[in-house]
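Shown next as C-alpha cells: one chain only, the form predicted alone.
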C-alpha cells in the first residue's frame, strides 16, 4: 500500500476530470465538471478550481505530494501554459501557476493529453512491458505520445509524439494547423465520415454520420465506407512507419473512438503497415488497440506526476 498520493487532472473540451490516485494507479477519489469551453478563460479556470476544491476537501488530500495535468493542446510545459484548440478562452493560459496557487504550491507536471494517454497505456495498458512505444488517440483529432528507452518522452514542451501532424500526403488537403496532408486530415473520425459521404455512402434512417456509423456500414460491406477506412488506415500506417523508422518503436497502440472500430480499421492498417514499415529494424512492429478506456487521461496524468517524483528522487541520489 502506497501512503503517498498524487492529484490528477484530465482537461478536455467537454469535461474537466480530477482524481486522487495512489502509486499503483488506483483512483481513490473522483471529481468532474463540464468544461465551459465557450466562456472566458477565468470561467474555465473556475471549473478547474471547483474540481480541485472537491479533491482538496477529501481527508486523503494530506497525502498528496504532487499534481499531474493532462490537457488538450497545444500545451507548453516549459512555460506552464496551455492553449487548447477547443477552449478559445485559454491562449497561453498560465495553468500550472494557477493550479499551484490552489493546491498550496505543490509541484505540478503538465503534459498534453496524447502524452497522458501514452503514459497510462505504458504503465497499465497495451504498451506495458514495451520500452519503445507510440500510443495514439484517433477521434475528432489525432494525437499521440512516445515512450523511449522505457520512459515517457514528452519533449521540452510536452507535445512530442504528436503524430496527427506528420504530413503523409505532399499535395493533400490544407490542415487547420497550416500544413498539408496531415495524418489527422485523413484519419480523424470527421474526415473518415466526410470521405465516405463524398464517395456515395449514405447514413441510415437515424441520420448518423459519425465514423462509428461509417464503421458499421463498412462491417456490412458498404464499398464507400470500406474505402474511407482503408484510406485512413493507409495514412495511419504511413505515420506509424515514419515514427518507427525515426525512433525504433516496436509497438503502436491505437485508442480513441476510431480505434474502437475493430477489424474495419486494424485489418487494412496492418496490411498497409507491411508496405511502409519495410526496413529490417521496423518489420517486427505490432499494432494493437488501446486498453485503458475513459480513465486513461487521469491515470496518465498521475503517472507523469509519479514519474516526476521518481526523477527528482533519482537526481538527489
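Residue numbers count along the first chain shown, from 1. Model, not experiment: these values are computed from the prediction.
One more form of this protein exists, namely the form predicted in complex with another copy of the chain; it is left out here, but the text below deals with it.
With respect to another copy of the chain in the predicted complex, the three residues 132, 231 and 280 uniformly fall within 4.5 angstroms at the level of their nearest heavy atom. Within 4.5 Å of any heavy atom of another copy of the chain in the predicted complex lies no heavy atom of residue 117. Remark: residue 155 counts among the residues lining another copy of the chain in the predicted complex, judged by a heavy atom distance of 4.5 Å or less.
In the predicted complex, no heavy atom of residue 188 sits within 4.5 Å of another copy of the chain. Contact check for residue 247: a non-hydrogen atom falls within 4.5 Å of another copy of the chain in the predicted complex. The contact with another copy of the chain in the predicted complex, taken as any heavy atom within 4.5 Å, belongs to 159 out of 124, 103, 159, 140. A single residue from the set 74, 80, 203, 107 has any heavy atom within 4.5 angstroms of another copy of the chain in the predicted complex; that residue is 74. Residues within 4.5 angstroms of another copy of the chain in the predicted complex, judged by any non-hydrogen atom, belong to 161-169 and to none of the other stretches in 219-227, 86-94, 204-212, 161-169.
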